[in-house]
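Quick setup: one chain, the form predicted on its own, written in structure tokens, and binding and motion questions come after.
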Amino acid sequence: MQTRMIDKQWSEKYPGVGKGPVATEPCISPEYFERERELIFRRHWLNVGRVDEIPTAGKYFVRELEVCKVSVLVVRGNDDQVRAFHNVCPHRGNTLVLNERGTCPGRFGCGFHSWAFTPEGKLAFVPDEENFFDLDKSQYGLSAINCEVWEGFIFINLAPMPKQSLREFLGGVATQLDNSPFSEMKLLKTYKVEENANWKTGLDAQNELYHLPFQHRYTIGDSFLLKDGKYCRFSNVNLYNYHSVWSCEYNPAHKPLPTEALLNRMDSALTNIRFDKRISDFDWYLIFPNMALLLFTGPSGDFFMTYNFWPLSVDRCLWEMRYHFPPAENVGQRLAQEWTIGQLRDTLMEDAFQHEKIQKGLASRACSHMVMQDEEITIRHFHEVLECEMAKV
């Protein structure tokens, strides 16, 4: 059964969201970017990974957040708790852990003077300790960063005292997706692309369907339901305070490629793990400020992806894409998963190319505003949230 698609329905559902042009200056202004460091990325919850990356005590990973000018050490302690610390030795400020990920061999040792710390962040050993002046080791543990976990997703907040818990911040997103089977799916592939584009330029370009029949006419074609056989439309939109989700349906009249058709006929290629709380065939969540969570149903069954757009400078960002699938139980499932990854990779390469072209056009200042239609309401909402946060002292 096809969804009835009504013109301009989202502005009627959310009349509080504006309809006018959106300024381009925030995507090209160095001054605006510098303010974003403090007002956006140092004040809000940021997704830095999943608990699957540190499954046992002592496992750790390091995330370099250039936008915040910090190195973050995320580690699972001997008490099984996931913690985050500044990756800095409190003795003289040396970078403590140099490897991107690994297992703590009992203690983290600083390469400068061999101060050593437990996975829980406590200072455990100081060489020549008696030569210090009343050194209280309990006062010189690693500097903790606020860290909370929701459904296996690890978030940090660099504010000294966050105004909201992670759960409060996620709001309706958490309510919608609580108890989803994220933990039953495993990371199968990661792509990282450094782009010559502002982080918002990349995020905006992914946060809509309007471009699909045109930019992706060869890679996606008519895979999604089209109005009048021409245009992609959302089947649903929900705005959750900071965040948003849009959904769309697959086109039942889509003519699959031969490989796709073969996979669709292979019953063994379908896994049994399902996102029961999925709104439609494809749901795209924007978790403010820079994360997207994508829920799919496909030839291999249900799976999910995450995007993180990490700012590097006003016109450079790192786009990180992660694919999570249920563990394959047979060759058919594994083949379907790899085919899906390859198809999406080609589509996202087209997107990455476009992000840089958009940024180049914006930087020319040929247009001071972006004109958006009803199907771009989630982009407009994102920019309104951003402007509201940037106005706070």
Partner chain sequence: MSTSQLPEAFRDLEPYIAWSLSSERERIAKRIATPMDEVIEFHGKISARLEAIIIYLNQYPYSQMPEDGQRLCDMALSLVEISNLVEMYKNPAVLNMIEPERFVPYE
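Residue numbers count along the first chain shown, from 1. Note that the structure is predicted; figures quoted are calculated from it, not measured.
The following text describes the form predicted in complex with its partner chain, which does not appear among the structures shown.
Interface residue among K122, K227, K189, H113 relative to its partner chain in the model of the complex, by the heavy atom within 4.5 Å criterion: K189.
None of D52, D346, E38, E64 but one reaches within 4.5 angstroms of its partner chain in the model of the complex through a heavy atom, and that residue is D346. In the model of the complex, its partner chain sits within 4.5 Å of a heavy atom belonging to E329.
Using a 4.5 angstroms threshold between heavy atoms, L257 counts as touching its partner chain in the model of the complex. Taking the partner from elsewhere, V97 is found to have every heavy atom lying beyond 4.5 Å of its partner chain in the model of the complex.
Although the partner is absent here, R334 lies within 4.5 Å of its partner chain in the model of the complex, judged by heavy atoms.
Taking the partner from elsewhere, every residue among V193, N196 and E350 has a non-hydrogen atom within 4.5 angstroms of its partner chain in the model of the complex. The stretch in contact with its partner chain in the model of the complex, judged by heavy atoms within 4.5 Å, is 351-359, chosen from 55-63, 29-37, 351-359, 42-50. Looking at 219-238, the one residue that comes within 4.5 Å of its partner chain in the model of the complex, counting any heavy atom, is T219.
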